[in-house]
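As structure tokens, one chain now follows by itself in the form predicted on its own.
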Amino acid sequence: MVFYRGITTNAPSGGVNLEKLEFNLDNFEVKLKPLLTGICGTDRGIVNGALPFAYNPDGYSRLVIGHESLCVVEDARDNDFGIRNGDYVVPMVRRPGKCINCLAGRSDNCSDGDKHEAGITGLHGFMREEFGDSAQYLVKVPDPSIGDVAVLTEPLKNVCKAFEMFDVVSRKSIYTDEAGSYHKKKSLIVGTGSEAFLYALKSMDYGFGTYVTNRHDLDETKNELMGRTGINFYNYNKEDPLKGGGLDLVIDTSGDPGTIFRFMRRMNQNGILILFGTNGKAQAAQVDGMDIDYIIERNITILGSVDGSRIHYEKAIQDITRWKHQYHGALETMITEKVTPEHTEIFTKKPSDEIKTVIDWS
């Protein structure tokens, strides 16, 4: 047994501490050292006791949090996945149960809920100095020169999964324009967090006329990111360039029902609404018969998307590698702050200009 520092909570009641933890790493194929771990809304929700579905691992009175991580392999036994000492890897969050989807490598589509999520549900996460894992749950970063932005792999894999679902659902009709492309189509991403920016970049890859909106102005950092990537932003409390409607794809990262239906009512025939954001404390919004009629008569598809599988992690790494060069360093501006593990107040005091804060374990 050895002791490593880790950032913990008592799920689901909350709280946050940096403490020494006793772990046995002898039984794992791979020993990992985290370099960076990202902080997201889920981490803050668990720490603040706002996510009742989070729980500690069996036999433990606390949970090591953290599910976004970039690690270096310190020691790897022989394995079938090509993981070797010195590799840079991203550990996968979900670990499979025994349903047919989990057994087929698609625990993101778990059909009975009998799975675990590192740092969230019954499995220790990645915010610790060292940990052990199985090679099958590690995704190699082929080009380590992409550097710190590889820590965005985990949130971006959610985007890749959502667009996989879009690819399937959009085939219900002739969704493209007369040129067989999306260039005359409009997409709207609701929210301005890190996931919203990643969704916008992916939408632009597809060729959509892409807009991001929120109910407040952007700070200087986010404005710079918008300008350097060419993303269109507007504050819907001040202006509304899309007032006439004509939306083909709406992606919500806010989890606010009122905002979702506000923009759903502007969607075109055969439109697709992707729900990604979660906010259990959001106020209720009235839905009437006219809303239901709108959805039905326009053949609108509403789908929820969560997590991703290995293929989505791999696609995310490919996208990050390409975007790093395509946008000439703009992607790096998404990492707005690096803090040390001792800086645990970051979980309860979100910086006003934050896009993505990461913990530096190096």
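Numbering starts at 1 and follows the sequence shown. Nothing here was measured: the structure is a model prediction, and the numbers come from that model.
Just so it is clear, the following notes concern the form predicted together with beta-D-glucopyranose (BGC), a form of the same protein that is not shown.
Checklist entry - Just one of T42, T333, T301, T321 has a heavy atom within 4.5 angstroms of beta-D-glucopyranose (BGC) in the predicted complex, so which one? => result After the contact test, the surviving option is T42.
Item to check | Partner-contacting position among C160, I120, L247, I83 - heavy atom within 4.5 Å of beta-D-glucopyranose (BGC) in the predicted complex | outcome: When beta-D-glucopyranose (BGC) is considered in the predicted complex, the option within 4.5 Å is I120.
Next on the checklist: Can you tell me which of 166-174, 91-99, 139-147, 284-292 lies within 4.5 Å of beta-D-glucopyranose (BGC) in the predicted complex, counting heavy atoms only?
Outcome noted: Residues of 91-99 come within 4.5 Å of the partner.
Checklist entry - Is there a heavy atom of D307 no more than 4.5 Å from a heavy atom of beta-D-glucopyranose (BGC) in the predicted complex? => result Contact with beta-D-glucopyranose (BGC), yes.
Item to check | Contact of H312 with beta-D-glucopyranose (BGC) in the predicted complex (heavy atom, 4.5 Å) | outcome: Heavy-atom contact with beta-D-glucopyranose (BGC) at 4.5 Å: absent for H312.
Checklist entry - Taking 4.5 angstroms as the cut-off for heavy atoms, does F53 touch beta-D-glucopyranose (BGC) in the predicted complex? => result It does: once beta-D-glucopyranose (BGC) is placed as it appears in the predicted complex, F53 has a heavy atom within 4.5 Å of it.
Checklist entry - Heavy atom to heavy atom, is E154 within 4.5 Å of beta-D-glucopyranose (BGC) in the predicted complex? => result Close contact exists here: in the predicted complex, E154 approaches beta-D-glucopyranose (BGC) to within 4.5 Å, heavy atoms only.
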